[in-house]
Ligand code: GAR
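The chain that follows stands alone, in the form predicted on its own, written as structure tokens.
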């Protein structure tokens, strides 16, 4: 059984996709041991409570320094004893000691086809605004392992989504969620839960 902790800052639509997939059997051999948010008003915490999942807020505002927040945050994650940490719209910089501790055991969903429109400053609607501004015809989403860089870890899954005439950032964001993010995040977790993902030479190999 793969125990996962999900970290989220906002509404938690990707969290909901994971919860639904666990409950429907789309993700097998997996249970969610807890949801952590840096934002006490995050609707994601309500989603967790509705499904009987432990929900925790660890906010930088509640600590006198960033170092103390990092320590408290890592302790909260460790307390859930996760085999895998899932970043599902989590807008906090992950402490280096946590990246080291959970190397190749922490994944992130990013709303673009990495290496396009990723890295520092590219998150949420900003990704879709940049894609539309550049005039690309295909966008998408990526699930990748987390390393010390921003959106630079080994890629697990990607899915492309077509840009349509008249798209706004909000409309495009929704389509990328529905057609890509909510599909490949649960799929990646299921692959990991069933021992089908390994990292070799900085790249992932999906085992048949």
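Numbering follows the first chain given and starts at 1. Since we're looking at a predicted model, the values are computed, not measured.
One more form of this protein should be noted, the form predicted in complex with the ligand, which is absent from this view; the next part is about it.
Check your understanding: Considering 106, 131, 88, 77, which brings a non-hydrogen atom within 4.5 Å of the ligand in the model of the complex?
Key -> By the 4.5 Å criterion, the partner-contacting residue is 88.
Review point. Out of 154 to 162, 173 to 181, 27 to 35, 57 to 65, where are the residues with a heavy atom within 4.5 Å of the ligand in the model of the complex?
Key: Only one stretch passes the 4.5 Å heavy-atom test: 173 to 181.
Check your understanding: Does residue 124 make contact with the ligand in the model of the complex, using a 4.5 Å heavy atom cut-off?
Key -> Flag for residue 124 set to yes.
Review point. Would residue 10 count as a contact of the ligand in the model of the complex, using a 4.5 angstroms cut-off between non-hydrogen atoms?
Key: Yes, contact at 4.5 Å.
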